[in-house]
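Only one chain comes next, encoded as C-alpha cells, the form predicted alone.
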C-alpha cells in the first residue's frame, strides 16, 4: 500500500478502512515534557493559555513538528466543565487543581450555574477551530472532555485524590443527588463535545480517569447511563466518540454498554482480549508510559511488539497506537521520537 498522509491514515483507522501502518498519537503529547510548552508557561498562566487560541495551537503543534504523529489533540483541561458551572477551579503552582465550591448536598447542586455554561465553554471550540485552520488538513484533530464520574469525583472532593472517597460514598449515601449531578454534567458535556466536533474535531474522547475506582455493578448503575447521555446524541449526528477508563481492565466486559465507537486501553488491558470482546470497535493504546522513561531500546521493542499484535489480531485495521495513559512530565523527548519513528518504520 502507498504511504498515506497523517490525517488520511487517522481517519481510515477510525472508519475501519485499510491503513499502511497504524496511526499514532499520544495522550498528553503536548505538555510539560516539551521545551516550548515550558517556555509558553513562563509567560502565561494555565487558564490564560487555555483561553488563547493562538497559544493552544502553538502548544498543540509543537509535538507534530518534533515527532511523526498522525493527529493533534486540542490543548485544554477536563476541569473546564466544572469551571463553567461556577465551581471556581484554580491550579496552584506545583499543586493539583482546587475547586472553591464542593458538591456535598442538594443546595450545592442547585447553585451550579447551568444556564449559559455551554457558551462559557466556547473558548475550547475556538481553540479547535484555530487549530484546524493552522493544520490545514495535515493531521487528524481530537477534542475531549472528562467523563461524568471523573468530573463528579473532583466536584465532591474539591481537588485531587488517590481514591476519591467522597464521590464513592456519595454514590451510595446520596444516590439520587449523585445521579442528578452526573446527568447535569453529562448533558453539558454532550453539548460541549458537539461544539468541538462542529468546530472541526474529527473525533472526541471521554477521559474517565477515575472510573476504574468503581466495581462493575456501580459503573453500570451510575457511569454507563451518564455516558450514554453523551454518546447517544453525538453518535446520532455521526460523531465518532472514544472512551478511556484508566485502571478499567476489570470493566472491559461492560464498557460496550457505553455506546462508543472505540476505546483507549489502559496499559494493563490485554490487547487480544479487548479485540476478541470488541471486534468492530476502534482500539487505541496501550503502551505503559513508564517505558518512555526506560530508554529508546525498550520503547522500540515494545512498540514493534504491539504493532505485531495489532496485525495478528486485527489485520491492522481499527487500531491506533497510543499509550495506556498520558506522557509523564519527566519523559525525555528522545524516547517519544523513538516510539514514533518505530511506528513509522512499520509502514
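Computed from a predicted model, the values in this text were never measured in an experiment. Positions refer to the first chain, counted from 1.
This protein has a second form, the form predicted in complex with coproporphyrinogen I (1CP), left out of what is shown; the following refers to that one.
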Candidate spot 216, 260 and 264, all three touching coproporphyrinogen I (1CP) in the predicted complex (heavy atom, 4.5 Å): no
Partner contact for residue 46 in the predicted complex: coproporphyrinogen I (1CP), 4.5 angstroms, heavy atom: yes
Distance check, residue 77 to coproporphyrinogen I (1CP) in the predicted complex, heavy atom within 4.5 Å: yes
is_contact(residue 247, coproporphyrinogen I (1CP)) in the predicted complex, heavy atom dist at most 4.5 Å: no
Exercise: residue 287 in contact with coproporphyrinogen I (1CP) in the predicted complex, heavy atom 4.5 Å: no
Contact stretch among 171-179, 154-162, 225-233, 132-140 - heavy atom within 4.5 Å of coproporphyrinogen I (1CP) in the predicted complex: 154-162
Contact residue in the predicted complex, from 300, 51, 41, 66 (heavy atom within 4.5 Å of coproporphyrinogen I (1CP)): 41
30, 291, 307, 55 - the one with a heavy atom within 4.5 Å of coproporphyrinogen I (1CP) in the predicted complex: 30
Coproporphyrinogen I (1CP) in the predicted complex - contacting residues of 206-220, heavy atom within 4.5 Å: 207, 209, 210
